Each structure stands twice: as C-alpha cells, then as structure tokens.
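Next comes just one chain, in structure tokens: the form predicted alone.
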C-alpha cells in the first residue's frame, strides 16, 4: 500500500462491533482529507467497516489481508 494513514487504530483482539466503533470515533475526530486505518482480527470488520464507509459517503481506500489481521483504510471526504 502506498498510502500512509494519518491515524492508525489497532483494534486487534477486539470483537465486532468494537473495531467499527473505534473507526467511527476516529472518523468523527478526523479532518476532511485524513486517511484512517483500522487493524482488526475480527472477520466481521472486513465486511462491516466497508459497508459503513460506503453508507456514510466516505472513500474506501482498501481492505488488506495482513499477517493474521485485516487492515481497512478509509479517507474522510466530507
């Protein structure tokens, strides 16, 4: 991934909806244009976070399978 996140949330070990709630909390604190990355070991986050990002009108940068966890990256666009 070439995009460097402005904020990284390490929610590994937390179960859904914990990682999604942490992502939403970071989103509310972020400025427009910031890139937020969340790490999660919960497989539900891989589906739930992109759905929330789309529903809220933000930009999904990517969903990546890392060594034993998922990284979901979004950009706050409004």
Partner chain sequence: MASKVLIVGDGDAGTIMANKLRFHTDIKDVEITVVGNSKEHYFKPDGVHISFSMIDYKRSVKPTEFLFNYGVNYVRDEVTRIDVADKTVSTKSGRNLDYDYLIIATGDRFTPEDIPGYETDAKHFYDLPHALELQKEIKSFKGGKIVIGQASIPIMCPPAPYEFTFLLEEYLNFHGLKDKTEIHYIYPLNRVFTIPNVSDFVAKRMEERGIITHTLFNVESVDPKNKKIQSLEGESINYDLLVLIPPHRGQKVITDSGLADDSGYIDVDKYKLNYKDYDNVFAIGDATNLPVSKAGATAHFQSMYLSNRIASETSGNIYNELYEGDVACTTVTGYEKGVTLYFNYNKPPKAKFDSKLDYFLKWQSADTFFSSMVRGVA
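Residue numbers count along the first chain shown, from 1. Everything quoted here is computed from the prediction, not taken from an experiment.
One more form of this protein exists, namely the form predicted together with its partner chain; it is left out here, but the text below deals with it.
Residue 61: touches its partner chain in the predicted complex, heavy atom cutoff 4.5 angstroms: No.
How about residue 43 - does it come within 4.5 Å of its partner chain in the predicted complex, if we only consider non-hydrogen atoms? Answer no; every heavy atom of residue 43 is more than 4.5 Å from its partner chain in the predicted complex.
Please determine whether residue 11 contacts its partner chain in the predicted complex, using a 4.5 Å cut-off between heavy atoms. No, residue 11 sits far enough from its partner chain in the predicted complex that none of its heavy atoms falls within 4.5 Å.
With the partner left out here, check for me: in the predicted complex, does some heavy atom of residue 25 sit within 4.5 Å of its partner chain? Looking in the predicted complex, residue contacts with its partner chain include residue 25, since a heavy atom lies within 4.5 Å.
For the heavy atom contacts within 4.5 Å of its partner chain in the predicted complex, list the residues of 46-78 involved, in sequence order. Those in contact are 47, 48, 51, 52, 55, 56.
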